[in-house]
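Just the one chain here, the form predicted on its own, laid out as structure tokens.
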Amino acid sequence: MVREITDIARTHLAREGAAGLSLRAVAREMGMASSAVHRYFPTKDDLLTALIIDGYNALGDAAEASQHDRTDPADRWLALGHAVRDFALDRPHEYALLYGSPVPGYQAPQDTIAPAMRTTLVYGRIIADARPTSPVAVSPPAVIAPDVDALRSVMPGVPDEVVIPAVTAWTALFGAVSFELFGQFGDTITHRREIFDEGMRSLARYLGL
């Protein structure tokens, strides 16, 4: 029943967006009283949380699968980047729920954090594993130590001077995907996969991978 509710909610998400999601509308499509749906999801926020967790886990599955049988750091980075892009293009409304505009009045609870971290941890392992063979020659970071310490938790053993460039590259990946998905390229960029791939290769060089 939970799966059926969330499956239908995803179709409503695609049509109405997160702000327009309605438990009553989901119940109506299922031919149920809204009180029956409330047994599984007491509020709309509970349903949104379930959709967010499902989305993060689906992206995490794709990110982890992208690393199978890959050992070269640059190859792993490229595979991860394309996994994120493919997920966004295949499931745009779920990607928008995760990385688009915040839903008015919704505050994500703590139980969304672990699923959200799965893809980031894949990236952190790529950076951490690459350190012995791909040192990055950059200046020490102009950032306070507590920030670096918190960021380093996802890439253990990585020196301070690598942490901030790694965050910059991670941000650039999602920025490139969001620009494409949300129509910022317009008609200017037409060979989008090729442009994305070359951008990810440039970031690999930036990271010393």
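If you're wondering where the values come from, they're calculated on a predicted model, not measured in any experiment. Numbers follow the displayed sequence, beginning with 1. If you superpose the two forms and keep the largest set of C-alpha atoms that fall within 1.5 Å, you have the rigid core.
Same protein, other form: the form predicted together with the DNA, not shown, and the subject of what follows.
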Using a 4.5 Å heavy atom cut-off, which stretch among 65-73, 49-57, 34-42, 174-182 contacts the DNA in the model of the complex? 34-42
Verify the flagged residues 119, 125 and 150 against the DNA in the model of the complex: is each one within 4.5 Å by a non-hydrogen atom? no
With a cut-off of 4.5 Å between heavy atoms, is residue 9 one of the residues that contacts the DNA in the model of the complex? no
Residue 25 versus the DNA, in the model of the complex: is there a non-hydrogen atom within 4.5 Å? yes
Is there a non-hydrogen atom of residue 21 within 4.5 angstroms of a non-hydrogen atom of the DNA in the model of the complex? yes
Please determine whether the C-alpha atom of residue 200 is displaced by 2 Å or more between the shown form and the other one following superposition on the rigid core. no
